[in-house]
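First, one chain by itself in structure tokens, the form predicted on its own.
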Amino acid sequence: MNKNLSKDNKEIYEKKIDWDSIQSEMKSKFGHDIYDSWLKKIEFIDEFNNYILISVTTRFIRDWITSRYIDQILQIVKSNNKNISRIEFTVNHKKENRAANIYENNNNKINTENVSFIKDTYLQYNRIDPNKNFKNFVVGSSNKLAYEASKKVSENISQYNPLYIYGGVGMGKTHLLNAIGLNYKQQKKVMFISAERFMYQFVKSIKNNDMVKFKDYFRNTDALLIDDIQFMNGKEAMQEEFFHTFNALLDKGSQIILSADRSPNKLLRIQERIKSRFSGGLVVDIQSPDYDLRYEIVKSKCYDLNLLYSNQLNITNELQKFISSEVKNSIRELVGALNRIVSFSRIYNKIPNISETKIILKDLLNLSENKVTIDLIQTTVCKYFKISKNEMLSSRRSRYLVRPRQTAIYLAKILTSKSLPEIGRTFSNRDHTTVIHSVKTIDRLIKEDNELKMNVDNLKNKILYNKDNEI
């Protein structure tokens, strides 16, 4: 240590907490996996009057720890020294240059060039996604008004304040807020945060007796974007603070953009004066996407997938139309359906046909496995192959009976949750080894025999959807 440092500075510079003990507590609290992956990389640098300085090797590790574990780490540190009220990070801090980095030449102030202050943890939840912009937002009749209003607000063409966008889950509200934030971010100070995170920071500030900092932070922004505002319901103290923040921002000319799952007048347990403020701007809704919009979204996503996978993932136009017509609830489910198709294609190295797609998406298509019974399977298979159920369940081993019997057993295995012994019992008390043999036989043959594969696909459709095969 530099002998020229003053006595007071020496006392500040001395380590007063047991970092080894804190590391042991972190390992116990978070578990070995999290500790070894992230927290073990922390290097203790120094302790000062009311905070400690720690170091990590990359900004990514700093951001990951700060956004997920920092509050719990601070509690562990405070249990070791109750005077510690915050933690500060430095990235790629070199131990041998510690004095030079921490103290400026003459006045012993902290060098903040490479230090991330925990007082700004709001920034950890203010990440605007560059992939959610106006250019890749697909516009249709159900969302055109919300899109145009968002575009005008982001370009300062309109005086809508606040802009309130509402709609069901997965309709694109967050995408629009993110796009507005991206446009504003180029010239203005923007805060984009969820209502749940706003509430978390509010409660944290009260506990830490730090409301002045909270007020300053949220009232000194040019644009405040809050997602899922309905989560403020019933939180009276937070609603009071939000009301005054709202008014302060309007007074200084800042733009406010809000999203929710319902219109202002249908918000539950929200103060009437707040609902009145929400209704005082422009209120627009995003309705459920119609077929044309869903199809345009699917086409757009498939185009992106082709670019991503170098044209090796060519989802057919027929399959695109099927997904667009059947997945109706939300855009998020539509994208989720495409992700399942991609996963299937990469695992099996082929694009699924319509029949296979119905199996992959059966929960999104509101098809319940519980409706499929072994009796239904047996009846459908017998009718398809023109044999009687008595013949199928008999002990006869004629070829024209064996293959339908094995097919029925195979379908019972893949379309129901019954165990092998249960399936065996429904086929005239056959042993579970017979069930295994039948499943393996059909599984092998459908890879070799196109006719049998077609028969199995047809039967799946008849059993699940009461439709003929669509390939």
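A residue's number is simply how far along the shown sequence it sits, counting from 1. Just so we're clear, the structure is a prediction, and the values are computed from it rather than from any experiment.
As for the form predicted in complex with a small molecule, it is not shown, yet the points below apply to it.
is_contact(K132, the small molecule) in the predicted bound form, heavy atom dist at most 4.5 Å: Residue-level check for K132: yes, a contact with the small molecule.
Contact label in the predicted bound form: R332 to the small molecule, heavy atom within 4.5 Å: Yes, contact at 4.5 Å.
4.5 Å heavy atom contact, N143 to the small molecule in the predicted bound form: The answer is yes: N143 has a heavy atom within 4.5 Å of the small molecule.
Partner proximity in the predicted bound form: T174 to the small molecule, non-hydrogen atom cutoff 4.5 Å: Taking the distances in the predicted bound form, the answer for T174 is yes, it comes within 4.5 Å of the small molecule.
Contact residue in the predicted bound form, from I297, I270, V190, I377 (heavy atom within 4.5 Å of the small molecule): It is I297.
Selected contact from N136, S79, Q312, N247, since only one has a non-hydrogen atom within 4.5 angstroms of the small molecule in the predicted bound form: For this set of options, the contacting one is N136.
Which of 379-387, 165-173, 83-91, 193-201 sits within 4.5 Å of the small molecule in the predicted bound form, heavy atom basis: Selected stretch: 165-173.
Pairwise C-alpha change, K185 versus F60, in the predicted bound form against this form - closer or farther, 3 angstroms or more: Farther apart in the predicted bound form, by 3 Å or more.
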